[in-house]
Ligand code: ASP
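So this first bit is one chain, no partners, the form predicted on its own, shown in structure tokens.
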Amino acid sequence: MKTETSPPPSAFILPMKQITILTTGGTIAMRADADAGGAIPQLGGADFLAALPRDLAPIRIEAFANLPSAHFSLDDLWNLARRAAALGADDSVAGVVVTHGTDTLDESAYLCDLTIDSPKPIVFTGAMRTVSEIGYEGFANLAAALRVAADDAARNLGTLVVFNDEIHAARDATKTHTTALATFRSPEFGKLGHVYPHAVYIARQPARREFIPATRLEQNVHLLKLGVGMSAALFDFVVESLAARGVVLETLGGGRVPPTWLPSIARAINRGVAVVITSRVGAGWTMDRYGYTGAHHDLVQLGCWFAEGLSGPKARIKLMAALGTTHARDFFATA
């Protein structure tokens, strides 16, 4: 991997700690290209170093990839998390910043949060505008992420997402708008803190922390979102024809499915398929008080697992990591 190092800082705003930036591509590294017909990843470590202020901690830049995050494979995700874990275990590294495309940033960040057991900050950031567009915010986001990664207040918070000077827990953060600069939000509990020009302010701790000692990702895990009147045919195909190891269902409301889905779910669980329930709503846990057929209580009785407030994509990441251990059921609620 290619690495580059910054010159020593010329001011005393931040303590002398080395932060490693892992670049992966994404919009933060994109510039318009006439031949390609649009923006593509082009910026590298030297471009970031040249643009960053000199009052930051010493920086080392390592190029992991230069891809749009929509091109990431599960192997890319796993290898990125393992590289971040290795850097977190390096005594010479005080923190890690990952530049990443916004399309799948929340999934990569959450995988790191789940599978890296380190007190050091791992901070994901990126941009919504390319360097060719007016108002490009990539360098500002990167500088803010570096300040967070170098701050002692960010230790023991798990993996973080820093955008638009806001600090979010990886478990909570999700992309909420296709173009807005403030696209990353934490719908359930809100942000953890804010990056000011003179200080990093952490207002609260993450609501919960989990660690899954996964040795691999189980890739044969699928995500389905329910809509009104949907049949279970696609679910049956995933279970029977694709031999899925796990399926995450974004169910209706607080964890409800049409009654016609219950036999399919029962068959899948009897085959040993892990069926994880979350909600399509976007915030809140799956639980309710209803007694009608297909409500939450039926899913409990069938033996489904519950994702406790995670989005569908994050529940899938968690299930893939859990199935990469010998006791996957231990990492999900079952009632």
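Residues carry their position along the shown sequence, with the first being 1. Since the model is a prediction, treat every value here as computed from it, not as a measurement.
Same protein, other form: the form predicted in complex with this ligand, not shown, and the subject of what follows.
Remark: residue 76 does not count among the residues lining this ligand in the model of the complex, judged by a heavy atom distance of 4.5 Å or less. At least one heavy atom of residue 103 is located within 4.5 Å of this ligand in the model of the complex. This ligand is not shown here, and in the model of the complex it never comes within 4.5 Å of any heavy atom of residue 294.
Contact annotation: residue 45 falls outside 4.5 Å of this ligand in the model of the complex, judged by heavy atom distances. With the partner omitted from this view, the residue of 128, 248, 169, 154 that lies near this ligand in the model of the complex is 128 [heavy atom within 4.5 Å]. Residues with any non-hydrogen atom within 4.5 angstroms of this ligand in the model of the complex fall in just one of 304 to 312, 264 to 272, 65 to 73, 285 to 293: 65 to 73. Heavy atoms closer than or equal to 4.5 Å to this ligand in the model of the complex belong, across 17 to 46, to the residues 26, 27, 30, ordered by sequence position.
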